[in-house]
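Heads up, the chain below is alone and in the form predicted on its own; it's given as structure tokens.
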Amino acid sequence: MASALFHRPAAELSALLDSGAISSVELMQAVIDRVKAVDPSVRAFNSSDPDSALAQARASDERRAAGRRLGPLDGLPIGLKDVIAVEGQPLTASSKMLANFISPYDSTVASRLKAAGAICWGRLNLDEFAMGSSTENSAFGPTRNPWDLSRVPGGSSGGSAAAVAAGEAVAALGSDTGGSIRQPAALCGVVGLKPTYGLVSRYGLAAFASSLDQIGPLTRTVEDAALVLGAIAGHDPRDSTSVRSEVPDYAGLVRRRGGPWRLGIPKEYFGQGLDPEVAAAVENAIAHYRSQGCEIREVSLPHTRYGIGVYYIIAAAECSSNLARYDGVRYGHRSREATDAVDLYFRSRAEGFGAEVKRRVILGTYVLSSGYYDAFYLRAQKVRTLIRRDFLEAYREVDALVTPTSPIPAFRLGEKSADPLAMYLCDIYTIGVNLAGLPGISLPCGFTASGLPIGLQLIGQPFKEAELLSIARSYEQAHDWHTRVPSL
């Protein structure tokens, strides 16, 4: 049994632990052995501590033996994107700027995972400071897609998605600023959930764009995503954007059969640039929902065409502000060549940040500068309001929206590196969710002829994650896409 443990869903592993069929130590060792076997090729991890993980697993087994199980995640290894703080573990953001930084405290999500008994397992690779769509912009080198090692896993949570797909973690946490959970989930054939903005605390997350960032799970199944969300969601007074909202039993609710639902198809999401194989797979998913009695309506999100521009103005502006703290003075990389204070700032940032981070800092500083603020940043915020209004108008007619997650399957390493705009367009179907603060989920809905995963995106109403997860699970249960695993 042990050889197959690393590919089993979290809910199934939890049941095996409860029955005594396996131990947490046995599961953790199987995952550690899997990482040793495949991560030299996949490169999902920036670092890991097997001894600490096994100690956490032994503690879990002792709790179970004493009848003190902490919950369904107790004893399960969950990886964390290397922008989420875990006390005593590295927090590098895949950047030279934080190459030697060890977190002195737990993020809220890490403390909640620990309270649920989960094993915080390793630091997962990403695009530097979460800026990218391919996990190629990392000081640790690129992560590779487990389905085809010559291709990207998506980004910026590429390490998290690749680790789950490759069996290197039972589940993982990522962060989503413009699609950074959902897009890599689609490209790696796993489930990725971006919660409503404010549902999950951002305390302890290395900030990229504070009005857009949200932490969420990457898992093998929709039920697993519900289990992890239930553990990490809820109000946190340490996060000023955290919303006081009821946290229901997501996993229990998602197991109930719901529907039929009214589902909207945004006509703007099925136009030029959509790969034919992706379009066919998503249309087949829509046909399935129709066959189950769901009412399918075409809707319009007319400001979609402004989304990329609005997103890259707002995200870059907030990036410029948030990354100003990395100045070589208090923490992070400090240049040894500086001659004075001003030179220290210039050299430390030039040496510590990679090319994509520098590009976005420069763009963000420009749009916030005197004479340009009103023309760019203020106008972008006004259009952002219109984009959110588009979604809320659509929800007058439908319960959720159905779209592709990514316009294309996983592309080859280096294929888009020289063309930032082409890379940015990979987020065209995901950024609206962040601009509007909505929940979105990606789940597998097929494969290309060459064997690459295709993702289906469902976009829900604010704080209606339970309904969104139910809609996703109703499709997942009728298909076997989520049961397929890459050959490594």
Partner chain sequence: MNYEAVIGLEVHVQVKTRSKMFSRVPVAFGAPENTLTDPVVLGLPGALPVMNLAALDAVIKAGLMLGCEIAPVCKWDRKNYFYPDSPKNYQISQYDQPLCRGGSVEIELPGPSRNVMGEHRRVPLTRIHLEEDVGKLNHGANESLVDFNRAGTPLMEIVSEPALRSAEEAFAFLTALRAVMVCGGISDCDMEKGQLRCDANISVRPEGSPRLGTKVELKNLNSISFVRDGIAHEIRRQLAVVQSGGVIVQETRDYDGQTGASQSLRTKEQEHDYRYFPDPDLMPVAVDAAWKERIRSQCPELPFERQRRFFSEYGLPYTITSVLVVDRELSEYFEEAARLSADPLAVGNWVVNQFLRELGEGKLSFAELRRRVPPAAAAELVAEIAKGTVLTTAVAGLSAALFQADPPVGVRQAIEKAGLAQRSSGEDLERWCREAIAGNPKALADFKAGRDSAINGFKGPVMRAAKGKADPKAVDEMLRRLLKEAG
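Numbering follows the first chain given and starts at 1. Here the structure is a predicted model, which is why all the values come from computation and not from measurement.
Another form exists, predicted together with the partner chain; not displayed. Remarks below refer to it.
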property: Heavy atom contact within 4.5 Å of the partner chain in the predicted bound form, the stretch among 160-168, 72-80, 395-403, 366-374; result: 366-374
property: The partner chain contact in the predicted bound form: Val278, any heavy atom under 4.5 Å; result: no
property: Ser321 within 4.5 Å of the partner chain in the predicted bound form, heavy atoms; result: yes
property: Partner proximity in the predicted bound form: Arg412 to the partner chain, non-hydrogen atom cutoff 4.5 Å; result: no
property: Partner contact for Gly293 in the predicted bound form: the partner chain, 4.5 angstroms, heavy atom; result: no
property: Pro237, Pro260, Gly141, Gly271 - the one with a heavy atom within 4.5 Å of the partner chain in the predicted bound form; result: Pro237
property: Answer option from Ala115, Leu149, Ala287, Val329, heavy atom within 4.5 Å of the partner chain in the predicted bound form; result: Val329
property: Stretch 209-236: residues contacting the partner chain in the predicted bound form, 4.5 Å heavy atom cut-off; result: Ser210, Ser211
